[in-house]
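One chain follows as structure tokens, the form predicted alone.
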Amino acid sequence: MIEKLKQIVLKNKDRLFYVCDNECITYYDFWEKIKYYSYYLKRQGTGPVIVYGHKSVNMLISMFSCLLAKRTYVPIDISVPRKRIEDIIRITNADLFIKNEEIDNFKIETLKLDELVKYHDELEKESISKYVYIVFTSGSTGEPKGVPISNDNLENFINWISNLLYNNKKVNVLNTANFNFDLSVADMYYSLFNGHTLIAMDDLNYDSMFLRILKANVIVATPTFVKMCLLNPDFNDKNYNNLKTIYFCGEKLEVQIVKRIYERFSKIQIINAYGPTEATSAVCASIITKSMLNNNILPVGDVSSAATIITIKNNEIVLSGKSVFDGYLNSADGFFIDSGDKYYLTGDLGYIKDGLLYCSGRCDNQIKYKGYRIELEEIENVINRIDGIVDSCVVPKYNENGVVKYIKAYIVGNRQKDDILKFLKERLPLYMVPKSIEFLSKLPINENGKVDRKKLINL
């Protein structure tokens, strides 16, 4: 992977690799920077490195310096609350924290990127980690769940997405996701390993957002992001004639959204991709044609060209092969072994028809909200830690197309809403904090003696 990256740099020395607000960096300068800092990272230690920040050039330099140094990086966005960061440090056993934005120091060594030079005279340490990065998703136990992705996983994904999207000419790719969200793996590694320019969506300011889209040929985004774009009546092929492809992943793509896009952009390519974090961002994709819009559900991938093996077992989508991770940190959940082969149970319900994969829901209480994967039990576990709370149930509220509009918590107990929200915001990312809280004298119970979630969803 490193040798391939070096060749890409040599072919694209003067081309911009990354643009973020008033910052930018060429391929050559980016390569020189990551070589420089990887030298010191090899002398600091061998453990995982927390890379904290948002979308600055230094954030990318930090992550890819770790890649060159063969040290696992753990990206954490500034939106993640401190208590959750402390959990991540503990779970990963990280021994270095690189801060690209200001934050109070932690108990592990905390440095700014340029402070790594203090390790100039120390001996190089050989890292034995096979993981490139670890990202964290929601965990049903109340703690975030670490997903380590290996070199082999990532190389397989890079090859797959490079074959899927443009690689015969240079394009500008719009990044919309934060770097601790695995959708960013798609735009970041696709751009870097094909000599494209990555343009960061640093914030969702309405005016600046469309200025960035003006320059983009390819958008990598969730449907929620494009819904927001469609609120602007000027978002069409007359005004945004550079835009050629939208790559969707992260949540359900509604037929109605695609119809609206085609009304504005008659010749655009729309790609709907599928894949859990555990399978390196995405494993399959389908080009959505106008003829598919007569159906109620859109395909999420062509099985024959998938990055890994896709099968259906008891109506559940099951994955195996090169893109699938080895297992969670400190957990063996999610796998089953059959005839010596290892399979990952995604929890997604689905089926294959005419060679295309369709995703029809979940077999558990996990949801997708604004592209983020959320275990509702994690929110409940955190709520139930609050003094005075007897019980809770957190449910999604859906729109008419089956897409989550917001999350609501039903709580039995005696606490003020403001106290509960303060407690949650200190421990959970903002997208996991319920938008609505309602107190009940007791939670409804179904005939099996369990909390009746369906009744609460329909309240």
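Note that residue numbering begins at 1 and tracks the sequence as displayed. It should be emphasised that the depicted structure is a prediction, and the values quoted were computed from it without experimental measurement.
Another form, the form predicted together with a small molecule, is not on view; read the next lines as being about it.
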Quick check on residue 310: any heavy atom within 4.5 Å of the small molecule in the predicted complex? no
Is residue 213 close to the small molecule in the predicted complex, meaning a heavy atom pair under 4.5 Å apart or at it? no
When the contact criterion is heavy atoms within 4.5 Å, does residue 202 count as touching the small molecule in the predicted complex? no
Interface membership of residue 161, the small molecule in the predicted complex, 4.5 Å heavy atom rule: no
Please tell me which of 97, 247, 274, 189 lies within 4.5 Å of the small molecule in the predicted complex, judged by heavy atoms. 274
With the small molecule left out of view, which of 373, 260, 227, 322 would have a heavy atom within 4.5 Å of it in the predicted complex? 373
Among 355 to 363, 150 to 158, 73 to 81, 237 to 245, which stretch has residues with heavy atoms no more than 4.5 Å from the small molecule in the predicted complex? 355 to 363
